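Shown here is one chain on its own, the form predicted on its own, set out as structure tokens.
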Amino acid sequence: MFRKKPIAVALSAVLVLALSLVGCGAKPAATGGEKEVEPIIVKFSHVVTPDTPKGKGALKFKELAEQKTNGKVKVEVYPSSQLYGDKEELEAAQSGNVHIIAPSVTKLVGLNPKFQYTDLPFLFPDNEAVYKFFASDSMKGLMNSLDKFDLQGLAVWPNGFKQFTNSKRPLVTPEDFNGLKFRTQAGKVLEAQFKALGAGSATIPFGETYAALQQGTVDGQENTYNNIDTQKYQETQKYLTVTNHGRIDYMIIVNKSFWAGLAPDIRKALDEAMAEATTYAVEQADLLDRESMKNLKDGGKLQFTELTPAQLGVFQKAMQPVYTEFESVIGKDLIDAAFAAGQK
């Protein structure tokens, strides 16, 4: 009997120790408790403000992604060039320093010159034609053309049609552009467009455009109503001409290796989140475009010039040489597909 007592004491000591550990929040080995799994961090970087169509779409994706993965994914959204500007974000996505970016389609011309389709003047007559083209096989081919850069297009989000603004005079005819200098995104098509109008151009990052307008580095710029409104370009510009001559749209791009490396259930949930966020982004683009146009008109700082169909026809004719110059680069088949999307 006396030999069993030390064993009983030892067992009692172990039990007391185990209970004290449980009381302190530790999990005894016998329970088989598992470590809490850290969420997957997805960094989403873009250059515009949170109240733009792209900004709202990014926040909607964050909400849906975290919801659909039950918190297994945490999306960190960095707007307004907080992490990277226009020039750096593509490299950051390739290297995996960020996982999702949403550059203007024009920014992708260095990776594939066919993306210059978006800068061709008067290519689309209305939003319906644009959205039809987004759903086409031609666009799917462009989204899948970035493999060698370890990038993949997931979706296209609209912003809207571009209008011209400047600080010098109303722009009613192509001749009114003579001697003016405009800020542009990078792209040979945009350079050719302003050359056809007799104007100069300078490639300036989006985040630096306000300062360039304010300081007189350039006289004007082309942009959507919402970008003009949210970037407060009306504080530096006096005249706006409604032309709907070009587009600003965004391709949502992921680092392909990162995306492919996600567990199938996580990737499926994120794909669903992106599809729903895209529908939301389209709705927001249409809504905010109208709201911003009203804001700019009601603000009284910009003089609006609305051209007649005949006046727009003069601009279209003046810019026809741009098509002649870039048809072989962009591809006649792609241009024809865009025109076909606009046929009623």
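Predicted model only: the values in this text are computed from it and were never measured. Residue positions are given as counts along the sequence shown, with the first one as 1.
Heads up, the form predicted together with ligand LMR isn't pictured, but that's what we're talking about next.
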{"property": "4.5 Å heavy atom contact, Gln185 and ligand LMR in the predicted bound form", "result": "yes"}
{"property": "Partner proximity in the predicted bound form: Met319 to ligand LMR, non-hydrogen atom cutoff 4.5 Å", "result": "no"}
{"property": "Close approach of Tyr84 to ligand LMR in the predicted bound form, 4.5 Å, heavy atom", "result": "no"}
{"property": "Distance check, Val47 to ligand LMR in the predicted bound form, heavy atom within 4.5 Å", "result": "yes"}
{"property": "Ligand LMR in the predicted bound form reached by all of Lys107, Phe206 and Tyr250, non-hydrogen atom within 4.5 Å", "result": "yes"}
{"property": "Interface residue in the predicted bound form among Thr118, Asn227, Asn166, Gln163, criterion: non-hydrogen atom within 4.5 angstroms of ligand LMR", "result": "Asn227"}
{"property": "Of Gln193, Gln152, Thr236, Asn159, the one that lies within 4.5 Å of ligand LMR in the predicted bound form (heavy atoms)", "result": "Asn159"}
{"property": "Answer range among 242-250, 132-140, 91-99, 270-278 for contact with ligand LMR, defined in the predicted bound form as heavy atoms within 4.5 Å", "result": "242-250"}
